[in-house]
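Quick heads-up: it's one chain on its own, the form predicted on its own, in structure tokens.
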Amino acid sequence: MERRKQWMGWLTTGLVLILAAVAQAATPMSESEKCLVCHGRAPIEPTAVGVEPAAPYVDRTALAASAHSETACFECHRDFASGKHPRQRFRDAQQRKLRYARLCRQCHSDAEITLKPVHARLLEQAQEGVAPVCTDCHGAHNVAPISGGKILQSERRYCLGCHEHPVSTVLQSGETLMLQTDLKVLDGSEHHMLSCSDCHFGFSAQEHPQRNFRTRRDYAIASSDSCKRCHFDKHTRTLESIHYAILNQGNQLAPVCTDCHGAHGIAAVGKDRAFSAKRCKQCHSAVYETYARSIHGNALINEHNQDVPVCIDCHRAHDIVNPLTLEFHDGIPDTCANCHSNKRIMGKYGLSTDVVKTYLSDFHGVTLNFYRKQKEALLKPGRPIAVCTDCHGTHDIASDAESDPRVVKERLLLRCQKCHPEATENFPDAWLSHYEPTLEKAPVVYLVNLSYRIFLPIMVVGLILQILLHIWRYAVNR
């Protein structure tokens, strides 16, 4: 019985194998599969005669992983087919490469190719008689997709052949400019998917022009100009900044793109707010030290709190305006409102969101809005009115809750006396701070306000009732 089962198993397996072979034989073979019967089996002798023979062997694995994996053989090799296999002869291997490089132009037009600066220069050289060979960079049957990063790695390997070593050049001023690039820094950059020629346009395997700069600063300024090719919107905003104005006046110490964002190690400023503030420290070290001791800076640096404002929140990033102008001064309440009117942020720390609202409803805020409207309607220059920073400070903002009330009052009096020289010791007491009066805070003011809210409606209702009674009496006695 067992032997019978074994024979039945063998018979079933044989029958399945026979049916599979028949099905495979009945399935029509594609043109590409017919080509690979010979060209994908093992290296064969080339049909072309050349100094450097190249076997027309195609690696199936590389072809399947290439950008042309779905492209049939005859779409590139249009002279060949299953029933047509002409013999070709070439003077040498270079002629053969040039012949097949032209096949790429059947699908890739000049307009598409010139979108990349390195390709545009190659086409210019072609017009001068130097024929570009596409397969030198992109490969032949293992054409690497650009989005997959293989072309990027190929170009990097070529450039880093020199630039991963401590190479340098001497500038006209005698300064030494290091040209070494750290691959780890480059891979950790926000631009890690860009190729070298995307920023260093004009450079390629065929072209490496010599560039002469007077100083290292001249080189930095010239290099930052390449950023606008991709970030033109941000570049446009920098044209309105105080930094660009200073640079345009001839001060080369004014910061450019690479001073804030770096060169090869481009950092994402938005991910680390402390990093952004430290970039500003490079030029504004005294201001940074003052900020670091403030309530905002201490929370950012020591507590790693990402809710507190940093330099670019108040001064903006690319269109930085002159903070000494009246326009910037008048816009400070709006700047502070970005955080202090945010219920989500203020709720975390138990702070009131009525800070800016109470300021705008107070004497200073009402006067500020009046001057703003007057300036817009009559083009009449305004006058400086006390805003948030006049009382709380700018970069040295301290916590009032953690300070001695007497010290706070003394400091506030000094600030009031800047605009009100006749202010006495009790002058700051006339201000109710940024909180609505309650029974706990300013109870007398709260009770007076409450009495007015009750008394005034009664007066209005009584006045209306009196008028109606007079009208009724006049109508009855008539």
Partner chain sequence: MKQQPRRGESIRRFSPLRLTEHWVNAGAIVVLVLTGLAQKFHTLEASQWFVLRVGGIDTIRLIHHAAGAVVILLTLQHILVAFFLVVVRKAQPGMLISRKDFADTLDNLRYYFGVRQSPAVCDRYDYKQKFEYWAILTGQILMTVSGLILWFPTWAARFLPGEFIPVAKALHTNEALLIFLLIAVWHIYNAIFSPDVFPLDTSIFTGRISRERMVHEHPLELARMEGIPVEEVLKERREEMHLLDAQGFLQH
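As the structure is a computational prediction, the values presented were derived from the model and not from experiment. Residue numbers count along the first chain shown, from 1.
As for the form predicted in complex with the partner chain, it is not shown, yet the points below apply to it.
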item	value
Candidate stretches 181-189, 353-361, 168-176, 99-107 - the one whose heavy atoms come within 4.5 Å of the partner chain in the model of the complex	353-361
Position in contact with the partner chain when the complex is considered in the model of the complex, options V37, L414, A64, V444, heavy atoms within 4.5 Å	V444
Touches the partner chain in the model of the complex: Y371 (any heavy atom, 4.5 Å)	yes
4.5 angstroms heavy atom contact with the partner chain in the model of the complex for E422	yes
Interface membership of N449, the partner chain in the model of the complex, 4.5 Å heavy atom rule	yes
4.5 Å heavy atom contact, R344 and the partner chain in the model of the complex	no
Residues in 439-475 with any heavy atom within 4.5 Å of the partner chain in the model of the complex	V444, V445, V448, N449, Y452, F455, L456, M459, V460, L463, I464, Q466, I467, L469, H470, I471, W472, R473, Y474
